[in-house]
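Take a look at this single chain in structure tokens; it is the form predicted alone.
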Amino acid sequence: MRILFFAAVALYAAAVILQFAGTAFKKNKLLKASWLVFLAALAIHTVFLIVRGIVARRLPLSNQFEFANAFAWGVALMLAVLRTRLKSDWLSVVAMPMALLVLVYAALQPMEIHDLMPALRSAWFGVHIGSAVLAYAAFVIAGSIALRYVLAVKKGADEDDLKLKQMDYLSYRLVAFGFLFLTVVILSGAIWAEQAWSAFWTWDPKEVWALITWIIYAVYLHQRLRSKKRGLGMAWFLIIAVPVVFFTFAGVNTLLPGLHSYG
């Protein structure tokens, strides 16, 4: 399994390098090679997830390594789906490095397989944590697209340009998608907490920061839908929101231990 994991890390890194080189030197052959290497990395990564799940005899989502690994896989899978459907090569520049970044973080965590803690042995396990993977992946890609939007504007691109409008709309759609799944995370977590700890809400640090993240993206959607705000301001909003997502994902476990410290 370690060979599969580190092979995926190496291939993602190679894909990122080829993508940046192809973009910098405007070499289509390098860009095509980057995409093929990335798809190979995603395939090996998927095999690793399946093998780990078979060996562990459960969904491989129970600790920080497994969640980070699944998070990176979610970013990569979402990129593959979006690029295939939208035919937008520029997505690779912003999303590939994020998948690699999260996977490198996973590589720094203990990789041992352990039995599930009693509190995790629930039918809500897959729903709760799987929804978090999808939500975080969508938010990270949305923030990455927003960063590219800001850089394009800084270089003199017109915000009325069709490509920038597409970036703006895609980031909004991703936030809406992620917000839906983060809502599922919070609601399923509340039900699960009541079953495990006899309380729907315990003000555990992970719960609090999940709620803070939810509120931040709720504000974004409110500004977008009710105030009709678009463009540079909303792009900056999404960029600033990404560190909050990463803190909820990793920082809370490190700095604010609580009931979710195992996850």
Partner chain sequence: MKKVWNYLRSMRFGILLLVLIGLCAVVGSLIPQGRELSWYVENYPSFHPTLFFLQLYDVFKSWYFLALTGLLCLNLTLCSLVRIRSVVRGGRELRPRAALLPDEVKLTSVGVKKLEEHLLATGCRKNEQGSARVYSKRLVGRYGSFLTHLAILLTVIFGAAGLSLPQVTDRDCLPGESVRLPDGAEFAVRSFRSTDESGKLDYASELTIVLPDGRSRSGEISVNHPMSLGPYKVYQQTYGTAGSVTVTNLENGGSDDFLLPEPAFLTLDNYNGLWVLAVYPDYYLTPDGVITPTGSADGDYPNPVYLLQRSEDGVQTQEAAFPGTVLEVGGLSYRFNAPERYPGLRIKYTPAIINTLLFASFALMIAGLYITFFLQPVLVKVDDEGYAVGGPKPEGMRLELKELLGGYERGE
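Computed from a predicted structure; not experimentally measured. Positions refer to the first chain, counted from 1.
One more form of this protein, predicted in complex with its partner chain, exists but is not displayed; see below.
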**OP:** Answer for residue 67 alone: is it within 4.5 Å of its partner chain in the predicted bound form, judged on heavy atom distances?
**Re:** no
Original post:
Quick one: does residue 209 come within 4.5 Å of its partner chain in the predicted bound form, counting heavy atoms only?
Top reply: yes
Original post:
Counting only non-hydrogen atoms and a 4.5 angstroms cut-off, does residue 52 reach its partner chain in the predicted bound form?
Top reply: no
**OP:** Would you check, heavy atoms only and a 4.5 Å threshold, whether residue 230 touches its partner chain in the predicted bound form?
**Re:** yes
Original post:
Would 127, 155 and 253 all count as contacting its partner chain in the predicted bound form, using a 4.5 Å heavy atom cut-off?
Top reply: no
Original post:
Heavy atoms within 4.5 Å of its partner chain in the predicted bound form: which of the stretches 140 to 148, 94 to 102, 119 to 127, 72 to 80 has them?
Top reply: 119 to 127
**OP:** Using the arrangement in the predicted bound form, list in sequence order the residues of 129 to 153 with any heavy atom within 4.5 angstroms of its partner chain.
**Re:** none
